[in-house]
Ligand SMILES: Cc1cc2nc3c(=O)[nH]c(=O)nc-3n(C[C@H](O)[C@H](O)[C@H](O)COP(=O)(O)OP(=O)(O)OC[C@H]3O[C@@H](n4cnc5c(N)ncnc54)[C@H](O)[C@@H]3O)c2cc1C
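Heads up, the chain below is alone and in the form predicted alone; it's given as structure tokens.
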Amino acid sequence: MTVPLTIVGSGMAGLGLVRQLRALKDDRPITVITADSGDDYSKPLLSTGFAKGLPPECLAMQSALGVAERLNVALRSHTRVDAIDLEARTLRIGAERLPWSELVLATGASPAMPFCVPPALGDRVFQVNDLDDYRAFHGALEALNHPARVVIVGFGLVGCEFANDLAAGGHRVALVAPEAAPLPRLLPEPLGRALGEAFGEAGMSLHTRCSVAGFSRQGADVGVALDDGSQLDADLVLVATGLRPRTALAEAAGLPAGPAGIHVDRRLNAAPGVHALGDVACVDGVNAMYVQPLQASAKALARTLTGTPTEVGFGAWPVMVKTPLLPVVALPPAVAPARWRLDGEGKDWVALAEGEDERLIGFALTGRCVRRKVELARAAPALLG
């Protein structure tokens, strides 16, 4: 019996690799193991569905069964891998020992939960990181049968995109974060304030420089206590406080890993016969949790696995934030800039990040200035050249 190539994870990275392999006419047996439903969907669409009124089934491009048939893979959904045995080249799944010829870890990243949520509020406090999470949150909104009061905890990319989407869908949104303005990792503060003003004009309330002190049941409501002594009452809470690469399985097996992900070289190798890509991979010191680096990694690894060793490179690819209330594009600098050069007013800003030598190393754009993204991307250094 031919031992299959085994991929742990069925997100955009795992299934993207399978597509690339099949496009290269690689017909080897492939097993995909995933802890979720295994349905094929585009993760970036999760934060655009509520404004469009899209139920979960409309976000799924294909069921797990359809994926298995179309890509000719054995797909095991709702299955968790307990351990990796590198010496025996097997995975432990309960009492089962599953052999692999080569192993690809595409386990993604999980949302951080920095709070203790009382069990009684488990059906009111959510995180949305995959289609199954979207199903649960969408179901809770539908069950209310009226526009919801939603408290979103976090000013990052996920929190801001869901805030825009939920507000556009008719819900009342409050944002809570310890930072002074939205998108602190992508935008200098004046640009973040411009986004915050756009959110405020759309009816959202922003609670800046505040942290959540705790949650409680207040009749039919969720009470969200803030550390400034105030409290917000909500129907539902969405926690969006960042993502952490899922490295526990790799670390337990002795693979090189840390807070930035599983450490791999530019050929996506973590150890002989073991590879990682996507949100869980730290490629030559760079972890880029965006679609373009993921797609580039899948293409490079597919070529390597089919006999053409290929190193991956990441271009100067800007992040386009899905906040139609105020368009935002950013290319965050890989290192702290020596200075930001700011130019703009109102909602339209250009911020250029410069190194000590005054060369452009990143940028951020808002409003009408986002039209400069191609010009500036061409002038900026590659993320991983």
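From a predicted model like this one, the values you see are computed outputs, not experimental measurements. Sequential numbering from 1, following the sequence displayed.
Below, we refer to the form predicted in complex with the ligand, which is not included among the displayed structures.
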The ligand is absent from this chain, but in the model of the complex, do Asn164, Phe199 and Arg341 each have a non-hydrogen atom within 4.5 Å of it? no
Of Ala140, Leu255, Ala174, Met289, the only residue with a heavy atom within 4.5 Å of the ligand in the model of the complex is Met289
The one option of Gly108, Gly154, Gly192, Gly261 with any heavy atom within 4.5 Å of the ligand in the model of the complex is Gly108
According to a 4.5 angstroms non-hydrogen atom cut-off, is Gly362 in contact with the ligand in the model of the complex? no
With heavy atoms only and a cut-off of 4.5 Å, decide whether Lys347 touches the ligand in the model of the complex. no
Contact flag, Leu21 vs the ligand in the model of the complex, heavy atom cut 4.5 Å: no
Partner contact for Thr79 in the model of the complex: the ligand, 4.5 angstroms, heavy atom: yes
Looking at 276-284, 164-172, 302-310, 116-124, which one sits within 4.5 Å of the ligand in the model of the complex if you count heavy atoms only? 276-284
Scan 5-39 and note down the residues that get a heavy atom within 4.5 Å of the ligand in the model of the complex; none is a fine answer too. Val8, Gly9, Ser10, Gly11, Met12, Ala13, Gly14, Ile33, Thr34, Ala35, Asp36
